[in-house]
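The chain that follows stands alone, in the form predicted alone, written as structure tokens.
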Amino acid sequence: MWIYERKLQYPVKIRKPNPALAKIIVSQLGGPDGELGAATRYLNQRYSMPYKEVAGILTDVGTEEISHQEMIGAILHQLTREMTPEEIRKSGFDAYFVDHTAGVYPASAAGVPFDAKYVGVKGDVIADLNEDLAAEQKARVTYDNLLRLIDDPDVCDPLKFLRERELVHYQRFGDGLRIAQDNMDYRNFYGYNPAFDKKHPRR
């Protein structure tokens, strides 16, 4: 289904390791609004989406979120390479290090491991697309918060790219919601009911 190109979607070239930054950036891998949850959400929502164009958007965006997981993983790896015990202790990376060494492990900045409760799949057109719109804005806010705290341009550059993609995804899900509404009986605009949708029954 996919062709994997052996390069990052956007380059990550961090010259100066900084495990303190890795400790907060990890949230965009396995936190409540991170890339792992987003990819899983969209790639599972598509199966119950009755409109092919919208299912295509979910597939496209879900696939791209996998590439964003890869970018965040590269950022975390480069920030934590060749750490000394002193740097680990001084940066506050010690608790993570004890459990995972410098492995890339999906967790939040607070240290909470990734949880499937972050993956909103309702099987309802309106509920799922509104979930997706909110998810993209929450991810954008997380990137905003990271950029407020980070001043290394090597780290900020790929984070800014990822933030911009959240805005694009938000726009695409907005398009998806419009496509869905154009295909639905008017009574479904604010509360989807398959019984009203004679033209496009659930797949």
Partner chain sequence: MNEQKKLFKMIRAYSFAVYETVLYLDGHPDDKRALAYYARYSEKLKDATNRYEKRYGPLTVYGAGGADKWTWTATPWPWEYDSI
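It should be emphasised that the depicted structure is a prediction, and the values quoted were computed from it without experimental measurement. Numbering follows the first chain given and starts at 1.
One more form of this protein exists, namely the form predicted in complex with the partner chain; it is left out here, but the text below deals with it.
For a residue to qualify, one of its non-hydrogen atoms must sit within 4.5 Å of the partner chain in the predicted complex; none of P32, R46 and D124 qualifies. Between 68 to 76, 126 to 134, 109 to 117, 94 to 102, the stretch whose residues reach within 4.5 angstroms of the partner chain in the predicted complex through a non-hydrogen atom is 68 to 76. When the partner chain is considered in the predicted complex, G56 lines it closely, a heavy atom lying within 4.5 Å. Not displayed here, the partner chain is approached by I179 to within 4.5 Å at the level of heavy atoms in the predicted complex. V168 belongs to the set of residues with a heavy atom inside 4.5 Å of the partner chain in the predicted complex. Contact check for Q9: a non-hydrogen atom falls within 4.5 Å of the partner chain in the predicted complex.
Along 11 to 32, these residues reach a heavy atom to within 4.5 Å of the partner chain in the predicted complex: P11, K13, I14, R15.
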